[in-house]
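As structure tokens, one chain now follows by itself in the form predicted on its own.
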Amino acid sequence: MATLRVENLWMEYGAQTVLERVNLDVADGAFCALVGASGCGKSTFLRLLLSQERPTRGTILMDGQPLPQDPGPDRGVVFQRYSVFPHLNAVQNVALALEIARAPGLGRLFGKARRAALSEAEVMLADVGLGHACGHYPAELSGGMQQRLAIAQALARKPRILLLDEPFGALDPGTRTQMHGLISRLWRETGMTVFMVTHDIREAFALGTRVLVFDKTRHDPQAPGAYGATITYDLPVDRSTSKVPSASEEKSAP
């Protein structure tokens, strides 16, 4: 059974139609890269998958059941801007996700339980190449390191689906290439399903197993907001020919 099924999805804001007639089946472990012109609804689609917003019409099913109405631990998200807490160091940032999950009332663990969360956070930071920076605060980290921290934070609760909204757009080309190696490795090791919005076509084909092209198929010059975008192309990618950095190259990342 497909992990995720989207059936006749529409998203409207008043008279503005952003998405229309979106249909999609995504199997477990797919890496879907979403491309298309600015404003064609890619980030809106990600917010719908996260349950930050509800579709105007249509359904989103996970394992045959309606998608939960609120964001949950089954879905992690990483944005272009580093969504980390500046007043917490790296290990505290990652451990916070575990504390909120295990102590929803206080959002804070104590004693043995807190030490266990910090230990798990240290392992996750090591997995993303930040084992040496557990005590560093975000302001002390480079852009690439901050984005690694945001990824570790998103993966702390072992989500089944990872949502990436242009996560590497603000990085320099060298760091961006190294981050490609990191996210590709984590995707292979965890088996999670990934949806990544990007404006970089080369990035989409280098990382994705499917490239989903969003575009408008209907236009009305007199009412530019009347019609929304849909998935116009669903392109499979042979990952055996994709170029991603080796493990040694990834380890040299800042």
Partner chain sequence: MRRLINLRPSRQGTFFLGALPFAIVLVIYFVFSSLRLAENPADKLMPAFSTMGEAIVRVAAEPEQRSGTIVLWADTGASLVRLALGLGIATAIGLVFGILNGLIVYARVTLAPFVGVLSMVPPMALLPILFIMLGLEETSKVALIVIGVAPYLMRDLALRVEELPGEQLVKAQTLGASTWVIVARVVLPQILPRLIDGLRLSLGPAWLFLIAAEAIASTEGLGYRIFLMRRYMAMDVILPYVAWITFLAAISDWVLVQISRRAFGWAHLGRGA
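On a predicted model such as this, the values are computed, not experimentally measured, just so you know. Positions refer to the first chain, counted from 1. Take the two forms, superpose them, and find the largest set of C-alpha atoms that agree within 1.5 Å; that set is the rigid core.
Beyond the structure shown, there is the form predicted together with its partner chain, which is absent from this document and is the topic of what follows.
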Worksheet, complete the sentence: Among L186, V213, L61, L50, just one has a heavy atom within 4.5 Å of its partner chain in the model of the complex, namely L50
Practice prompt. Would you check, heavy atoms only and a 4.5 Å threshold, whether G181 touches its partner chain in the model of the complex?
Written response: no
Worksheet item: Though only this chain appears here, would T177 touch its partner chain in the model of the complex if you measure heavy atom gaps against 4.5 Å?
Response: no
Worksheet item: Using heavy atoms and a 4.5 Å limit, would one call G111 a contact residue for its partner chain in the model of the complex?
Response: no
Worksheet item: For L106, is any heavy atom within 4.5 Å of its partner chain in the model of the complex, or not?
Response: yes
Item to complete: Enumerate the residues of 43-77 that have a non-hydrogen atom within 4.5 Å of its partner chain in the model of the complex, in sequence order, or give none.
Response: L50, Q52, R54, Q69, D70, P71, G72, P73, R75, G76, V77
Worksheet item: Under a superposition restricted to the rigid core, does R176 display a Cα displacement of 2 angstroms or more between the shown form and the other one?
Response: no
Worksheet item: On a core-based superposition, does L164 travel 2 Å or more at its Cα between the shown form and the other one?
Response: no
Fill in: G72 C-alpha relocation of at least 2 Å between the shown form and the other one, rigid core basis
no
Response to the item:
Checked in the model of the complex: CA of L141 to CA of R188 differs by 3 Å or more, atoms lying farther
Worksheet item: By 3 Å or more, the Cα spacing of L186 and A101 differs in the model of the complex; is it closer or farther than in this view?
Response: closer
